[in-house]
Each structure stands twice: as C-alpha cells, then as structure tokens.
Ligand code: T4K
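This document opens with one chain alone, in structure tokens, the form predicted alone.
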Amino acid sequence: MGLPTVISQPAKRIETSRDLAINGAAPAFEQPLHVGRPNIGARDAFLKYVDGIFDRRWLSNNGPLVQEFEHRIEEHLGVKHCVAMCNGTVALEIAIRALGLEGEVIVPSYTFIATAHALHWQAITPVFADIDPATHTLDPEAVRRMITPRTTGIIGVHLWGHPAGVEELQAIAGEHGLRLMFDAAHAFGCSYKGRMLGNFGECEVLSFHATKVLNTFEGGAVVTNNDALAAAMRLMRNFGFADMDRVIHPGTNGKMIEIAAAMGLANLDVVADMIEANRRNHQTYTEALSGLPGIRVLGFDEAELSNYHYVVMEAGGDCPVSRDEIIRCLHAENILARRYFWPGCHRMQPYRDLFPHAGLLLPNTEKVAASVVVLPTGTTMDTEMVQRVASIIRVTVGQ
C-alpha cells in the first residue's frame, strides 16, 4: 500500500487523531511496524536442535545446548566465561550479588528500569548520575559527583550499543575502590578500541530477550574474564548446587533452558546477516532524515563494530513540532515508534517517591528523555519501507 498523497504537500500542524490521514486515507502501512520486532534466524537449524532436545529428553539443568551456546558466545566475544541465564534481569541480579555490592551503586537513570530494579530488589540504593547528551551514556564527571562513603560500585550501561566511558569509569572505580560492571544488554556484537564489549569491568551482562539483535526467545548471560566470579555465578544460578546433592552457596533458579539455547545457536549462525540489515536500515534513515531542523539520528563509530540495532532519533528544540507530535503522526500511520527511556528511572516508581528531587541533578537525562524517538528497524524492514517512514517524518516537520 502506498503513502497517502499528502506527503508531497506542505505539512500541517496536527489537530486530528490521525495526523496524515487526510480525507479518510488509509494508514501508510497495513500491518504495524514495531520497534524490537524479533529477528527470526535459521528456522530449519532451530527445528533440528529441537529434535535433538526431544530425542535426549534433556530440557534444562545445564544441557548440552546451553553449554554449546556458552562456548560459542565466549568465542564470539573473546571472553573466558559466559554464564547463561534465564533472562537479563536475573543475570543482573546474580552479577550484583556475586560482586558483593551493597549500600549505594551509581547507575544512569536513562536506561531500562531493570538496571535500577536489580539493585533495589536486593535492598541496594540506585544512585542516579547524569549522562553525556552526545552518547546517552554515563557522564564520568557526574559519576564522581555522586560518590559517597556508602558507594560500593558503578554500573555503566552501553546504551544503544554505544560503549560507556570504559576507561574513565575504570579510573574512577580504581581511585575510589569501587566495583565496576556493565549492563551490555544493547551491546552484543559491539566493540571498543577493537575489543569486543563483554571484556570490560569485572563482568558484563547481556540480554537475549526477543527484542534484542541476538535472541534466545528469552534469556541473558554474564560474561567475565574472572575465574572465581564465573564459578560463583554458576553456583548461584542453580540454587548453589556443587553436585547432585551438595549445596555450598546461596542461590536461585537462574538457568537457561535448552529450547532457549537452541534459538540462540540458530540465530548465532546468521547474526551477521541481521546486523547487516540493521546497518543498511540505519544508513538509510540517517541519509533520509538529514537536514531536518532539530532532528538528529545518533550515529555509530564506523571504526568499531556495532550492531546498529537501535535507530535513535532526537527531536530537539529547533524542531518545528514536538517529539510527541511526531510519534502521534507515526502511530497514526501504523509505525509504532517508541519514547525510550522516557521519563527516566528517577521518574518511575518507587524512585519517584524515594528521590523526588533527583531530576535537579539530571538535566541532560531529562532533556534527552524528552526528545528521543526510537524507530522501527530489523530484518522485517527493507530500504523502501525505511524511506517511507522517513518521508512521513519529513512531512510532519514541514520538509
């Protein structure tokens, strides 16, 4: 289905519920375009893995596919240990506990709520530090300002796959005797100075949720080069069992199951193709939206590996229409763009009540959260579809 003819006309301010549907025109896309629609990789390979699971009748408890998946991730990232988990949130919680974090831990507010919840869930206070508006990752100087005698650690977030300030945060952690870990949920397949993310801090947490560039239906992992930390987390994800009937450590049920590992292995075989589709879409969006007043598409360092999995557009102060107005336009055309990570963790519960004045110390966070639009991408979209989405944005802002 083609675009409404209105896209060749000057844009009008939005007063109706369907921004561009003039004279009853149908939406630009018959089927909704979703942010984070799952990539489905090598289906035949996945089904062969499933046949093997049924034949072995080994469904969970560190099965052979989980072990193979861990080994493949270790090879892909060049890390010593991958400890696969049932999801990224449990992986965060286990990593936090294994590191012995307590008291206060500094995190960005501009991140998915799980980063903060994984601390609060364990009676640790997340202390929100501001971000660099250029990269949307932690501002190291803001981290310095938030350190108190109760601070025990820092969690940097590689948001959108952009590396956090690895060296700066490591220097701060070393100076103050703090533990440093990274939430790398967005960053599978990305690098920093030629080294794959997953190798920094004391450990890094991956997400293989359905919306991520590499998915296992639902899953996560902690990757580390620390032998003792990896051994502790392997115990912790399986109730602390050292063997069949001997428990030697506190633990929980954080195990990845075989069917999830099967999906991960099948997708690993074609993840390079998925990333290439993302790269092509990101480049098309960037070119098609260039020159629009107040509009910026976050770029990637072409000298590094990136997964290009998030197309992040900012609608700044010079934009003639608001961010929310752009989103209403897109939703009206069945393009389900999102306001990640609005309004920031500090404005969500329970943190809004616990720290009602946190926003005073987070001006960049609040500004970025009010301007970001995340656009659909992935293997279900081609160049022509991306150009149609960009055309609707252009007409919305009057270009």
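Note that the coordinates shown come from a computational prediction; the quantities given were computed from them, not determined experimentally. We number the residues from 1 along the sequence you see.
From this point on, the text means the form predicted in complex with this ligand, which you will not see here.
Across the options 284 to 292, 184 to 192, 233 to 241, 95 to 103, residues that bring heavy atoms within 4.5 Å of this ligand in the predicted complex belong to 184 to 192.
Of the residues given (134, 146, 247, 210), 210 alone sits with a heavy atom within 4.5 Å of this ligand in the predicted complex. The contact residue chosen from 278, 115, 224, 267 relative to this ligand in the predicted complex is 115, the criterion being a non-hydrogen atom within 4.5 angstroms. Every residue in the set 36, 111 and 340 has a non-hydrogen atom no more than 4.5 Å from this ligand in the predicted complex. When this ligand is considered in the predicted complex, residue 200 lies well away from it, no heavy atom lying within 4.5 Å. For the chain shown alone, residue 87 is a contact residue for this ligand in the predicted complex, at least one non-hydrogen atom being within 4.5 angstroms.
At the 4.5 Å threshold, heavy atoms of residue 157 reach this ligand in the predicted complex. Contact check for residue 310: a non-hydrogen atom falls within 4.5 Å of this ligand in the predicted complex.
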